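In structure tokens, one chain follows: the form predicted alone.
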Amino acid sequence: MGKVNMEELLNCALCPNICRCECPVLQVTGREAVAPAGKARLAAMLQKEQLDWDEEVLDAVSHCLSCRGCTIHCPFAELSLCDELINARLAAKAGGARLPQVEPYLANLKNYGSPYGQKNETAVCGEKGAEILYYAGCTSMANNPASIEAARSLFSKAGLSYQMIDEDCCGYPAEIWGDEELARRLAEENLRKMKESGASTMVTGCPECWLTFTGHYPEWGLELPLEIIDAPAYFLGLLKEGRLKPGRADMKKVSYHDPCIWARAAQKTAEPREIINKIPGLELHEASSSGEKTRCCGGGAMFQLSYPDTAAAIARRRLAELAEDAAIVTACPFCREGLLQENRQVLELVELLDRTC
């Protein structure tokens, strides 16, 4: 696990803080302590032992969606405040500070390998030994199994064999909630099962899982034995190869919401739009803030579980930018959860594609 970079943290703490206009939690709560520079100052003071960890301080530095909205105006190219805050929070456990609201979810992770509790055993399916492994992620398994069925259907329509394992949570929630040991244990268990699968390619539709596998696992000294491809890029490839052939959709207009991780951490904004534009007769509406300048829906970094009311308020702010007369399409299970308000129709990209193929 990483260590706090004090130079970068102080760069943020002492900056004029132009990024405040892009921080969703600040915009909704109005609390200066949760502004990017505010969190950086608290983290720096904790590192310098000018503050002691307590629940109030931990609460403030936990008010981060890891959306990277603050990077839009940040003058420090190397700074990743969300990562520095995660590293800072890992020290909270040693300091004895806890967030009571996340303890039940940590217990679920320890007991079931999922923050939501008992896992969906039906997720183990497909053809054992297939070269393609589909990793659904715990949020899709718990809250939107329809997206998993859509992905499975697309593999079948494309004539491809695939498999799904008894996957555990990728470990990212445990890390952001400060349990480094549990995060590593979950990661090692996933690594074992992936090796046993014999697959050469893993496809995942969860951006948080993708980032954990491609970024955090190597930082933890874990090397995955297969190639990792995001679902939008993978299914776009199948469209271009002619393996999938979409027909007309049962809707006329969609508004696409860019998930923060795909847009800013992975720079994957073109692939979802290419998929939508390949569906005959479907009009794509662009939000006022889109692409790498997208705005968070409130679902990043398990924020919907830690701070549900604030997350819902952030989602409503984002919904105001998405056309009311259009169905909302996104490529993230957390975004789908967050945007399911105000009677809006929200689909994951794989669900839209499966409905048209």
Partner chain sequence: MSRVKTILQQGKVKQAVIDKFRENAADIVGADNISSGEIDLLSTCRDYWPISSIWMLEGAVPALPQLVVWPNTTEEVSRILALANEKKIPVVPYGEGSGALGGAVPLQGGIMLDLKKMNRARKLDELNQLVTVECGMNGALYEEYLNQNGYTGGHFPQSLRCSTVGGWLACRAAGQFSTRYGKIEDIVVSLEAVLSDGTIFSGRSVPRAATGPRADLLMVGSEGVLGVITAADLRIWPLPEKRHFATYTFDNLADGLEAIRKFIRAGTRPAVVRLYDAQETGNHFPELGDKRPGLILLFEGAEPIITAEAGVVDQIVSGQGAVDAGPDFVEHWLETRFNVSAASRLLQKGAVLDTIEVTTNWHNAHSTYQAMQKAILSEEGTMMASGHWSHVYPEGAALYMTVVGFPGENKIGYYKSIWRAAMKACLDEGAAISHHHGIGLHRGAWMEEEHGRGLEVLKKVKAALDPNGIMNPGKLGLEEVQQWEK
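Positions refer to the first chain, counted from 1. Just so it is clear, the structure is predicted and the values come from calculations on it, not from any experiment.
If you look for the form predicted together with the partner chain, you will not find it shown, but the lines that follow are about it.
The partner chain is absent from this chain, but in the predicted bound form, do 27, 31 and 60 each have a non-hydrogen atom within 4.5 Å of it?
Yes, each of 27, 31 and 60 comes within 4.5 Å of the partner chain in the predicted bound form.
Does at least one non-hydrogen atom of residue 52 fall within 4.5 angstroms of the partner chain in the predicted bound form?
Yes, residue 52 sits close enough to the partner chain in the predicted bound form that at least one of its heavy atoms falls within 4.5 Å.
Since only the chain is shown here, I'm wondering whether residue 45 would be in contact with the partner chain in the predicted bound form (any heavy atom pair within 4.5 Å).
Contact check for residue 45: yes, within 4.5 Å of the partner chain in the predicted bound form.
Could you confirm whether residue 56 comes within 4.5 Å of the partner chain in the predicted bound form, counting heavy atoms only?
Yes, residue 56 lies within 4.5 Å of the partner chain in the predicted bound form.
Is residue 344 part of the interface with the partner chain in the predicted bound form - any heavy atom within 4.5 Å?
No, residue 344 sits far enough from the partner chain in the predicted bound form that none of its heavy atoms falls within 4.5 Å.
If you look in the predicted bound form, which residues in 297-336 sit within 4.5 Å of the partner chain (heavy atoms)?
317, 321, in sequence order.
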